[in-house]
Ligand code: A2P
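Okay, so here's just one chain, in structure tokens, the form predicted alone.
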Amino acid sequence: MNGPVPIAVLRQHLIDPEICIRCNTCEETCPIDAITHDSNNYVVKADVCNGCMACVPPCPTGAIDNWRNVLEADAYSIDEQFTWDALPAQNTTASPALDEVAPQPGGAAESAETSEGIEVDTVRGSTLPPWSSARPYVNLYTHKDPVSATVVGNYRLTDESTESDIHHIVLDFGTMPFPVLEGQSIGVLPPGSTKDGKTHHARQYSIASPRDGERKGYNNLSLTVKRVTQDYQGNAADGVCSNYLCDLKKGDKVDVIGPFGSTFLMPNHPNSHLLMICTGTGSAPMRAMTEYRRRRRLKGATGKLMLFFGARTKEELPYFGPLVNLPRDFIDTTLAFSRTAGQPKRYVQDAMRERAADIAQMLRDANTYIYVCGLKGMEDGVLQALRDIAEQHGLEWEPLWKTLKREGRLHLETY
């Protein structure tokens, strides 16, 4: 006697378009290219996703962590997902009890299994915060319910002679609560709409001020924003949100969502060392961490700070003046310029190799935390430099790398 034909039910992985800030973290993290996007949404390919969960911990908003039980034959296509402004409700006719559905992998996984069953590493940096970091608040304000902040400062950081127009922008939240930590980010909702009439999505910016405010004791924060005037191919293109922010005047109002981020956080124990590597506006979280440590210096914070900061020229490097005036016994700063006239190109990884002995000493210390922030192209070079330095000084890189990730001591935020 033939039994009933089993119904194939899929627990489909979806991304919430109302929460997603289009930061591209999920697509970059996915080890099997199951995530793609168009000008409207980031979506997951149902026929490719294997539920490895590698994309879930790095997502700053939690938009990635959504699931719907659907009949396998009726899975939402990527074309359908591209049209969504909100997630569909759960279809109860295709929703067996959760205990009847095959369990999905969970947790902050650092690895996934291939179809051949071989475990492969899928995450290059930590998906956990430092053990001593403060507890972050996230998603207090959303697209549907943003908070209004007032511009109380907007200053150009780069020399007027250079085309690189980077601004330091200070936003005040008045009496509205907006608690943040160093390493977190916010979303800014630019006014206006796209050519097809849809409101602009939020753009994400790292916070450049410490937890107690750009001005100590005030409910404010700062951002480091570069005016975008061309796309990645070098064609003329005005960045919607960056130009909006750089043109703001004192007293203007800005709609903000967030805060975001629960892993790229600084340790709080006073003997922790920070090895910071950044380029351009990737300096924002490094400035926040450095300033917080500076304010805590007389309260027992004794850990070492070491910074490698790269830009095309001295004139294009934000915060150049304040940086060079910080005392050497507080922070050990090395600058690298790739376009100085009459000088060979020098990048942050070159500067790191020049200081290999000092970095190796930090790598040997279990209290060292590494932060990398800047353009995506720097990530490979920095990791290769760390590998070379470790191995040249008798440290096995692969086990060290795994330890750094497992203990929340290697944080990568590139874009």
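Treat the numbers as computed from the prediction; the structure is a model and nothing was measured. Start at 1 with the first residue shown and count on from there.
Omitted here: the form predicted in complex with adenosine-2'-5'-diphosphate. The next part is about that form.
Colleague: Name the stretch, out of 345-353, 38-46, 361-369, 56-64, where some heavy atom lies within 4.5 Å of adenosine-2'-5'-diphosphate in the model of the complex.
Modeller: Selected range: 345-353.
Colleague: Name the residue from R312, R203, H168, K304 that puts a heavy atom within 4.5 Å of adenosine-2'-5'-diphosphate in the model of the complex.
Modeller: Looking at the other structure, the residue within range turns out to be R312.
Colleague: Between S242, S338, T334, N219, only one gets a heavy atom within 4.5 angstroms of adenosine-2'-5'-diphosphate in the model of the complex; which residue is that?
Modeller: Partner contact (heavy atom, 4.5 Å) among the options: S338.
Colleague: For the three residues V138, G261 and L265, which mark the spot I'm curious about, does each lie within 4.5 Å of adenosine-2'-5'-diphosphate in the model of the complex through at least one heavy atom?
Modeller: Heavy-atom distance to adenosine-2'-5'-diphosphate in the model of the complex: none of the three under 4.5 Å.
Colleague: So, in the model of the complex, is I32 in contact with adenosine-2'-5'-diphosphate at a 4.5 angstroms heavy atom limit?
Modeller: No, I32 stays farther than 4.5 Å from adenosine-2'-5'-diphosphate in the model of the complex.
Colleague: Is there a heavy atom of G280 no more than 4.5 Å from a heavy atom of adenosine-2'-5'-diphosphate in the model of the complex?
Modeller: Yes.
Colleague: Can you work out whether K226 and adenosine-2'-5'-diphosphate are in contact in the model of the complex, taking contact to mean some heavy atom pair no more than 4.5 Å apart?
Modeller: Contact with adenosine-2'-5'-diphosphate, yes.
Colleague: Answer for C52 alone: is it within 4.5 Å of adenosine-2'-5'-diphosphate in the model of the complex, judged on heavy atom distances?
Modeller: Because no heavy atom of C52 falls inside 4.5 Å of adenosine-2'-5'-diphosphate in the model of the complex, the answer is no.
Colleague: Using a 4.5 Å cut-off on any heavy atom, which residues of 377-392 would contact adenosine-2'-5'-diphosphate in the model of the complex?
Modeller: Heavy-atom contacts within 4.5 Å come from G377, M378.
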